[in-house]
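In the block that follows, a single chain appears as structure tokens, in the form predicted alone.
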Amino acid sequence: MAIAKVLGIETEYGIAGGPEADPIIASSVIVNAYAQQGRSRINWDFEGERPDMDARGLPDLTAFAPVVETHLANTVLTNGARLYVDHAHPEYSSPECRTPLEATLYDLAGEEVMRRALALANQSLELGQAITLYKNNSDGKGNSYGCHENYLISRALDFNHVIRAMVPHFVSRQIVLGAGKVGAETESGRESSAGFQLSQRAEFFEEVVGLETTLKRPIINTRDEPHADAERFRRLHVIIGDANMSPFATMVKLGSTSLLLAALEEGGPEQFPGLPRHPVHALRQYALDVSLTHVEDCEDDVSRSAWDFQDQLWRVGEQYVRDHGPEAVGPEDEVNVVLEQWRIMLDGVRDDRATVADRVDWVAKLRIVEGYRDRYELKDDDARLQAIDLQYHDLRPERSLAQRVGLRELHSKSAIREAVHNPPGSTRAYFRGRCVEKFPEQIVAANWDSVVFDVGAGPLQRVPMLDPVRGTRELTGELLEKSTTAIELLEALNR
């Protein structure tokens, strides 16, 4: 039976400028500027962080798990999110959300947090040190950074079935969810003489399955760190998505993947199309195919284009909702919107791209690039076209091309501003965020599955939150409202 699809997004932002043009220093300036303005003084709790845990059960001695960088800027926000420096990038990890629409709202809240942090940071810097942030996935010099999705799935689900079912989705979904890219940066990409790719990330992936996230990137990441009751839950850590400027693309990315995971839990992998015989090759070739006509041979002896895969997968999701209802993913009206928009985007990229240029990032970007190229009679490898690509993702509203192309809005600006400060009420993020807001002086640290209090007497007290769908507004709102001190809250929880 499908379990509730708690989900969220971790976005590493591209960064340029700053003191000494050092990205680590610049990223720290961004995070600290936001935290020091009273937004948060709560440290991240690294207790239990195990990025080397592998879903396949055995350690891969050839793999290098992500390093836990405890020395870099790292804080917890009142909306339940995490803001920190990850390697050489500022990262916003959204709070846990219960539906695709809610998770999209908190991804947009992350953009607003980063804009505010950028403004605060640049006020403190000399003019020549100004920082710029980009919501993209590569720096044009061969370095890629991630927009990672997370989905709660049942521990009872065989991980081999996850691989079997989800590889077709992850190699093909770029035709509606790709952010688009001018040129190529990797050796394989340059050999293809790519003028434009559907995805920013596709050319950087080298394996089908694996633990790593920065080298030998896999289509299916095996990191097994549930941040929840490990006997009941697993967190599917998806590293293959692009960072979308289109809110509709973000919603469909989260919604389609949630639907397919629920369908997998409910009905098994047999309902899914066969895997491409060479998934990494398929991923890269689909990214290069703006015509959407390229086909790959599959293990069930069928040749499929990326569009064919997505069409069949949409039908899997639609059939699941018809047979079992939408509750595992979200309310009926919201899931219907996900299915409707997924279908519109899928048909639009094939039949009439102008109809989806307001919600498919790569279509919107390609129109700008082709218009500029044709107007000035430029070659495909002209540096000015790559500059346009980068400017599409600029986080500054006055500079961002994504802000000018008429992308459809999904949430009001007032709702986004509210989400910057307030947590979702549907998951344990509510308890975390409200505690950070109400008792900042008594909280030593927090992480996804616990909050650590220091009430001045006795040992530190850790409040565990091992079930992501508890700690909600409904379950803890009245308790938090009545507790005027952290001691009162802890006493009430103990009772």
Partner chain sequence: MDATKGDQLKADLDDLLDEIDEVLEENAEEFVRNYVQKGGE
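In this text the structure is predicted, and so the values were computed from the model without any measurement. Residue numbers count along the first chain shown, from 1.
Keep in mind the form predicted in complex with its partner chain is missing from the figure; the text below concerns it.
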Heavy atom of V420 within 4.5 Å of its partner chain in the model of the complex:
no
Interface membership of E398, its partner chain in the model of the complex, 4.5 Å heavy atom rule
yes
So, R322 and its partner chain: in the model of the complex, are they within 4.5 Å at any heavy atom pair?
no
Looking at the partner-bound form in the model of the complex, is A16 within 4.5 Å of its partner chain by any heavy atom?
yes
Could you spot which one of R234, R217, R343, R164 gets a heavy atom to within 4.5 Å of its partner chain in the model of the complex?
R217
To verify the annotation, which of these, T104, T257, N136, N74, has a non-hydrogen atom within 4.5 Å of its partner chain in the model of the complex?
N136
Out of 173 to 181, 398 to 406, 292 to 300, 411 to 419, where are the residues with a heavy atom within 4.5 Å of its partner chain in the model of the complex?
398 to 406
Contact at W44, Q129 and R432 by its partner chain in the model of the complex, all three, heavy atom at most 4.5 Å
no
Going through 85 to 117, which residues have a heavy atom within 4.5 Å of its partner chain in the model of the complex? Please give them in sequence order.
D86, H87, A88, H89
